[in-house]
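We begin with a single chain expressed as C-alpha cells, specifically the form predicted alone.
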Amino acid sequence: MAAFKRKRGAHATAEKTAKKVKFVVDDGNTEQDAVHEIVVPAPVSMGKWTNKERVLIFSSRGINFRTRHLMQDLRTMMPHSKADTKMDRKDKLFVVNEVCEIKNCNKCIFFEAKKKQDLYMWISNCPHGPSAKFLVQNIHTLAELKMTGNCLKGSRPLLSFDPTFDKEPHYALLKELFIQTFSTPRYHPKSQPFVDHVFTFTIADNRIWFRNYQIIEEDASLVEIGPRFVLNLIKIFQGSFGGPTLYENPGFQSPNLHRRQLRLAAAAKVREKQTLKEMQKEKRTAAKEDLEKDVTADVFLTPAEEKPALIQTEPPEPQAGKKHKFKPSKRQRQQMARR
C-alpha cells in the first residue's frame, strides 16, 4: 500500500511539471524537415486549494419569484457557494451564524423579505463580522435580460471597482467584503481555470450598481450577461448580523416612508383638483346670476320726487256714517217674486 502511494505521488509530481514536445513541420521537402520544440505548461487545476472561502446563499420565507431567480443566478455564478433551506421569519438573525457554522461557511449572503415587496440583502463575514445591510432595488435576472453574452459556468471572475471605493473608509471596507465574498478562490474544485467575465461595482447616486460582463476574446470588448441589481447601503455593523454600528447611511430613506410620501403627494393632487373644481363651479354660478339680472333695465326709469314725510300728531276725524243699503238674500228674493 505504501509503495502504491509513493508511486501515485511521483506520478502526480510528474504531471505537474512542464512537458517538452517535439513536432515536425512538413513543408513539402522530405529531406529537410524543420523540427520545433515547444513547452507545454502544467495544468492550472492541479494546484493546491489554499483560500477556502465558502459562501452560504439563502433567504427567509416570503420572497417572490424574482428574488428566488436572483439567488439561483448568484449560486450559478459563484461555484464556491452553498445553499440551504429558507429560514423562518420568526427566528432571530443571529441564528444565521449557527447555520453557517453547520454548513462550514465563513461568508454569507442572506436575503430578507419584508411585506412581500421589500428585499434586504445581508453580506456578512461569519461569525465575527463585519456585516453590511443593503436594500436591493431594480432587480433583473438572467431570464429577464436575455442578453447575448455567455460565459463558462464556474469560471473565475475579475472584480472591477469604482475609484470611489478607495477614497472613503466605509467603501473601502465594503470593497474588501465584496472581494472576499464574490471572488472565486483559485484552484477551487468546482471552478474552471479560465477568466472570461467581469463583476463591476460602480457607485452612482449613493448606491452600488452591480453588473456582470463577458470578455470577448477577439477585441477584448464587454457584453453584459446579467443579472443586474442596485444595492442601497443602510448600515455597516461590527459583528455578524448585529453589534455596534460602524457606519449609517444618512441619505437612506426607508421604503415605508417613500410610499407614504407618494400617497401624501397623490392625496394633495386630488385635493388640488377638487378645490379647482369647486372654484370653477362658483365662477359658473356667479356668471349665471349676472345673466339673469338685466343691468340695462333701469336705464329709462325716472326717479320719483322725494316727498317730505308727514307726521300725524292728532287722531283723524270720524267720517260721516254711510247709509247701509239693504240687500235681500236669495230666499227673500224668491219669496218676493212669488208675491
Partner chain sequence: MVIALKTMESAEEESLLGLESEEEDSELSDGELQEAFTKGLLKPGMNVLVEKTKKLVNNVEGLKQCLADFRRDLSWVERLDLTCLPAKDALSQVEGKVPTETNGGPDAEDDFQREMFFYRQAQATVLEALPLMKMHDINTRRPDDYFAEMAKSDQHMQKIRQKLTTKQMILEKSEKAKKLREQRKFGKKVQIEVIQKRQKEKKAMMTAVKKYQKGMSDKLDFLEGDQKKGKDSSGGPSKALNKKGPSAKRKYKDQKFGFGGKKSGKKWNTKESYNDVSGFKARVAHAKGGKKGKKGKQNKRPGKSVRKKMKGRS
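Positions refer to the first chain, counted from 1. Please read these numbers as outputs of a predicted model, since none were measured by experiment.
Another form, the form predicted in complex with its partner chain, is not on view; read the next lines as being about it.
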{"property": "4.5 Å heavy atom contact with its partner chain in the predicted complex for all of 66, 83 and 258", "result": "no"}
{"property": "Per-stretch contact check against its partner chain in the predicted complex, the hit in 93 to 101, 112 to 120, 262 to 270, 205 to 213 (non-hydrogen atom, 4.5 angstroms)", "result": "205 to 213"}
{"property": "Non-hydrogen atom contact residue 107 with its partner chain in the predicted complex at 4.5 angstroms", "result": "yes"}
{"property": "Its partner chain contact at residue 228 in the predicted complex, heavy atom, 4.5 Å", "result": "yes"}
{"property": "Contact flag, residue 134 vs its partner chain in the predicted complex, heavy atom cut 4.5 Å", "result": "no"}
{"property": "Any non-hydrogen atom of residue 232 within 4.5 angstroms of its partner chain in the predicted complex", "result": "no"}
{"property": "Within 4.5 Å of its partner chain in the predicted complex: residues from 116 to 142 (heavy atom criterion)", "result": "125, 130, 142"}
